[in-house]
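This document opens with one chain alone, in structure tokens, the form predicted on its own.
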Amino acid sequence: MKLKHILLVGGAGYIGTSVTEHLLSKGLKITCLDSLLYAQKNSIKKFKSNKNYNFFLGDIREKKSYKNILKNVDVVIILAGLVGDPITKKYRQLSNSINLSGMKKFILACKKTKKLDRLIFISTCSNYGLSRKKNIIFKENSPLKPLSIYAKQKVEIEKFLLSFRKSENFKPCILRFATAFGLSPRMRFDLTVNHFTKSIFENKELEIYDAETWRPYCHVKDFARLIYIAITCKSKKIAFQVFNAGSSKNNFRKIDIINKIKKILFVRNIVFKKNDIDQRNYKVNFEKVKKVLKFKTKFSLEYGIKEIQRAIKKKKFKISKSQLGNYYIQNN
């Protein structure tokens, strides 16, 4: 296989740094474009000594940040953006300028790039929103009912990408990610599994709202494996395709996660509550990605819980002082 040059937009983030690790291990050339909004420069230190890694401080809202970079890459992976409902709600204007107008502007620039073999846009299963019926499992062609600003923005960009179906040279693919978990060089503890594990390990009071609600989960290492598959398969296999990214066996309720943690850690100080502001409740079908791309997850919920437990025990985490907060793994 020809050595591909990958532009990883938002590559210094939680998922981006895990993807970087995996793709570099496969011998791919990585250019990371990131605005370092979370002051996460420590998270990418380990990559800078690799001859196949280049970092550019830049913003997708500014054409000068990526104009020259796009000329030399084969694949673009878009992870960039303000992530999650709390931050997009708090910084609504910033979110609109990055997740919508800036994203569309960047995608149009990619579309005009002749050398580009494919574009992979990372979306979210949160686009499905809410299922009030227990027997509904969402597939890629299910109606999208986003509840949060973040998911609504993802849906709008998905529609924008799919509107170019008649374009001959533009080949986008959409991966709707399940809720991520697991250890990453740029760590997040606001995600369900990571948050529950850290709070329980540190014996902090943990409030769990609507414990019976469902959500699909996937380890960041499995996301990285799937992205590698999407990069290396024939482009016609994924062009203008939407894939739910994860595994059907990893659809869990919050109470299921607690029960798994109980097998590993002593659990106490948990308070169960109802009527959360976040009303998302959905199960997702992942048969398409399994059938078309032959993708199966490798890393279980238990694996993620144990690796986070070990990392906290060894005091590996440090936090950068930034407006938005950021954990990273020291000496990694």
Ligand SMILES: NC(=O)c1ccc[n+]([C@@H]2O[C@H](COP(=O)([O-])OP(=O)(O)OC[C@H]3O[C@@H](n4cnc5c(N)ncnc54)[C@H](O)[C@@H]3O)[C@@H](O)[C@H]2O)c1
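This structure is a prediction, so every number in the text was calculated from the model and none was measured. Residues carry their position along the shown sequence, with the first being 1.
Omitted here: the form predicted together with this ligand. The next part is about that form.
Asker: Identify which of N285, N281, Q40, T297 has a heavy atom within 4.5 Å of this ligand in the predicted complex; exactly one of them does.
Answerer: None of the other options qualify; the answer is Q40.
Asker: Can you pick out, from I261, V83, L119, L144, the residue that has a heavy atom within 4.5 Å of this ligand in the predicted complex?
Answerer: None of the others qualify; the residue that does is V83.
Asker: Are all three residues I98, S123 and R186 in contact with this ligand in the predicted complex, where contact means a non-hydrogen atom within 4.5 Å?
Answerer: Contact check passed for all of I98, S123 and R186.
Asker: Please determine, with the chain shown alone, which of 51-59, 302-310, 264-272, 22-30 has non-hydrogen atoms within 4.5 Å of this ligand in the predicted complex.
Answerer: Stretch with heavy atoms near the partner: 51-59.
Asker: Would you please decide whether L226 lies within 4.5 angstroms of this ligand in the predicted complex, comparing each non-hydrogen atom pair?
Answerer: No, L226 stays farther than 4.5 Å from this ligand in the predicted complex.
Asker: Contact between F243 and this ligand in the predicted complex at 4.5 Å, heavy atoms?
Answerer: No, no contact at 4.5 Å.
Asker: Within a 4.5 Å heavy atom cut-off, is H219 in contact with this ligand in the predicted complex?
Answerer: The answer is no: H219 has no heavy atom within 4.5 Å of this ligand.
Asker: Since only the chain is shown here, I'm wondering whether T179 would be in contact with this ligand in the predicted complex (any heavy atom pair within 4.5 Å).
Answerer: Yes - in the predicted complex, heavy atoms of T179 and this ligand come within 4.5 Å of each other.
Asker: Would you give me the residues of 141-173 that have any heavy atom within 4.5 Å of this ligand in the predicted complex, in order from first to last?
Answerer: Result: Y150, K154.
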